[in-house]
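Have a look below at one chain only, the form predicted on its own, in structure tokens format.
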Amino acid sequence: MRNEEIATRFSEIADMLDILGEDTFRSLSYQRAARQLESLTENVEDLVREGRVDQIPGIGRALAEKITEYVTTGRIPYYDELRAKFPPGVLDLLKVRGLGPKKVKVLWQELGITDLDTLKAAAEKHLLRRVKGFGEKTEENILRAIELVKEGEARTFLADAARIVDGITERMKAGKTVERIEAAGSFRRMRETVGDVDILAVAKDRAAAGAAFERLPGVVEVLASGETKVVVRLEYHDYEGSRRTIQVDLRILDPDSWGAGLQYFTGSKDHNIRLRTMAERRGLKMNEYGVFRDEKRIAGDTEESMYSTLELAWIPPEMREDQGEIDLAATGRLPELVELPDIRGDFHVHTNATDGTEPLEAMVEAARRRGYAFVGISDHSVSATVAGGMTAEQALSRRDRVRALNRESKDFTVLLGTECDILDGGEMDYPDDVLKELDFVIASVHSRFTLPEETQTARIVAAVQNPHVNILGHPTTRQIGWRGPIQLDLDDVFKACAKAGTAIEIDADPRRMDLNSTQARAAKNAGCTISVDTDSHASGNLVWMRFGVGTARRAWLTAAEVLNAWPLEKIRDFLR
């Protein structure tokens, strides 16, 4: 919790500095520090106690002192000094889509708007349009954006964004109004949630392309319509069935600027700042239109040209977070990241024997249709009562059924396993003599989420050391927007998994995404083998592998480091 608290403080300091118009790079250092703390696998209190705070990437002496101040006193005096300059609700205004620090400063200082309620009241009374840079349309957009903030619709699950992106690109291609079209932004970088969706296109007839975009199914409002940019609000149902809306921007680029636009609008902001700084040192200017020497464009038609101009190898979008990838690209040491076609099977698949929706044969056939070499059936053990867990006898009784399926197929293998609950002391829900009869065992926590960190860590370490456990499932148990992660010393868990030869999972369920990319990268660096699984409860869920692989790529994983990208015989050796 301290990690999250300090990350929030740093993020707010960055916002306050931006509103006050302070040095951009100072603000950026606080933003980077906040992200590092959010993804840190160690407890920051331990780092303070051991004098290792300055070992956190991106944390210099000044920031380390502020972290130490908060851990030891519960306060950061600098934060308090800045906060005293603002009314309590001003920072909440930044949650409103379309309001950046400069506009928030104007609203606050010229209209006395200090929170979401006064902003809403001012917009409803048409007071905003009196201020330079605000008009009637802006007022309407702000009122809608306030509703979105209050409804908690600021972010969209990656799986839902993918359906939106795929639907848009397929329809636009089918309509033949665009020559090229591709998604950019945080979606292309495979972030686990996205804000707006950015679509880039090249079109001979820009007006026709924009009109086709405005007529797409689900569009409930056109927010902006121009020759180079069209913005719509689109209604969709998320993967859990709830009705939501999202802003989608279409930017129509010149062919000569396609690569520059794709690189620029993919981001991340930190990555792009590093590239622009490198360009400036070479006497060049780099932006969304290309790389320029004086007024002459020397690159921009392809992304590769944008990077090669700076003597860099092309960097996969998922790596573009300014986490060291640029240095690797400069020295030819970028890893060859795992790709979706590398995946040969999925271990974490449920059937209607527990809480899945389809029978074993249907899930097997769905996996076979995906071109896999194997599928692992891993229904819940008996203690997962909410999921209708199976008794040991029921779990073993399916062996003959699986053997029959395997006899019928020469090019596909069904592995019979279990998602077995980890009990209080780290014991497994099934006895060892049952576990050893199964092809593989996924050990997962489904209860006692609030145990103290030391107890929870010891519980999981004991489980992964069981010689019959092969994979640790959804290790932190977090569910995005619903349940936070359990208190866990992940470094100790990673060490235990690496030593015991137990793989650790990236669970690609859109609400889980567990491990996240930062944690998976730390697991890789600790020597762990990673298994990317979907936790499917229906055959349609198998497509989530795309997002698990995206997370693996964000973690810089290669196929050699992903268990289910290995040949089946090598997998069997690992399981044995």
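In case it trips you up, residue 1 is the first one in the sequence shown, and so on. Computed from a prediction, not measured in an experiment: that's the story for all the values here.
Here the subject shifts to the form predicted in complex with a small molecule, a form of this protein not shown in this document.
In the model of the complex, no residue of the candidate spot (Gln479, Asp509 and Met513) has a heavy atom lying within 4.5 Å of the small molecule.
Considering the small molecule in the model of the complex, the lone stretch of 398-406, 269-277, 223-231, 466-474 in range is 269-277 [heavy atom distance within 4.5 Å].
Checking Glu214, Asp301, Asp92, Asp196 against the small molecule in the model of the complex, a heavy atom within 4.5 Å turns up for just one residue: Asp196. The contact with the small molecule in the model of the complex, taken as any heavy atom within 4.5 Å, belongs to Arg189 out of Arg189, His350, Lys103, Arg459. Although the partner is absent from this view, Arg144 stays clear of the small molecule in the model of the complex, with no non-hydrogen atom inside 4.5 angstroms. Not displayed here, the small molecule is kept clear of Arg297 by more than 4.5 Å at the level of heavy atoms in the model of the complex. At the 4.5 Å threshold, heavy atoms of Arg368 stay clear of the small molecule in the model of the complex, well away from it.
In the model of the complex, the small molecule sits within 4.5 Å of a heavy atom belonging to Tyr264.
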